[in-house]
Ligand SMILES: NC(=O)c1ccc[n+]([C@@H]2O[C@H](COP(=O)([O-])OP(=O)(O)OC[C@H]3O[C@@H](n4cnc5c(N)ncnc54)[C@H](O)[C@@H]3O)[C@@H](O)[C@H]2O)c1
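Read the single chain below, which is given as structure tokens and is the form predicted alone.
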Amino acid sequence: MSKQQGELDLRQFKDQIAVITGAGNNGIGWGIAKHAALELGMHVVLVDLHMRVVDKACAQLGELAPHRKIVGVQCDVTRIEELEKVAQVVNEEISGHAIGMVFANAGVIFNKTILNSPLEDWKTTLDVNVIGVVATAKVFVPLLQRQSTESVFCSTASVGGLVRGDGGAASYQASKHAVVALTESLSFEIAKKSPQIRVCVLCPCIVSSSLMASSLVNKKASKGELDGEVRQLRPASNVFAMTPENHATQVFDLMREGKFYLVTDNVKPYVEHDYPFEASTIIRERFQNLGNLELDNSDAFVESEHGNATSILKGAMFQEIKRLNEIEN
């Protein structure tokens, strides 16, 4: 068995560098950055699209981890030349330390169906969520290959990349299926030649995040429709969601176990309730459909508390949300 599999000793990454894209807006990337600095003792490179967001995140993490080197870089991950500049900054500002982990985490979401979404949103989604991961891999994996020390390359997909598409956020789910496939391909591609590199794909369920809001803000900014500079956003409140910090703990727990698919469900001890997303059940349904060469659309005829029928938002968490809504109404 190659070194890519099996348990991973996270203690070895102390004083090494973690590079995290999409890390500035208090979501999944921010939680990973905090854990890397505070729990693993890593130096952290925070990457995000807007300088003001990057600066704010750097100041926050620098205050929490004063003995770690915290570097922020503004970068559009769809532009490989900007990612190359990130690598250059890493080499110049944190020289003498190995790159231990790279998280290709930057993403966008536009919550619309196929027939109601403009092609512009599809192009942006595929550029950021897919090409951004490919570009990050093309810049940083060769750097990891030059190192003899063990390292991790982790891309962020979603549980939406493992379950069936059902209309809502169609471009997002399609992009995340692509991320899962390309990360599997990368793992196979370098398995023999670079066994010191662990490749894994992160598939979160429900995490407190500002992703939907930041996607719309960035869209307006790109069109020149935003007054002033882009500011850092706070995650939307959701009592059933994992905090970015608790989510990061689950990410590294699964990584420590040597998992490739880091499916982070809303389960204890990472949340304080008993209403999971039930990812494994919904993933299993998709593969049963595949095994039967059929597609079961029966959920399309079931009334949903969200106003639209769904084949994936129906686990214990969403049943509880439905119950609470019925009590309120």
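Just count from 1 along the sequence shown to find any residue number. None of these values were measured; they are calculated from a predicted model.
This protein has a second form, the form predicted in complex with this ligand, left out of what is shown; the following refers to that one.
Considering this ligand in the model of the complex, the lone stretch of 163-171, 102-110, 255-263, 139-147 in range is 102-110 [heavy atom distance within 4.5 Å]. Not displayed here, this ligand is kept clear of S311 by more than 4.5 Å at the level of heavy atoms in the model of the complex. Remark: S194 does not count among the residues lining this ligand in the model of the complex, judged by a heavy atom distance of 4.5 Å or less.
A residue is said to contact a partner when one of its heavy atoms sits within 4.5 Å of a partner heavy atom; C205 meets this definition for this ligand in the model of the complex. Mapping the unseen interface onto this chain, V44 falls outside it, with no heavy atom inside 4.5 Å of this ligand in the model of the complex. In summary, among the residues V271, A57, A279, L49, the only one with a non-hydrogen atom within 4.5 Å of this ligand in the model of the complex is L49. Proximity to this ligand in the model of the complex, taken as a non-hydrogen atom within 4.5 angstroms, holds for one residue of T183, S214, Q250, S151, which is S214. Applying a 4.5 Å heavy atom cutoff to this ligand in the model of the complex picks out G22, G24, N25 from 5-25, in order along the sequence.
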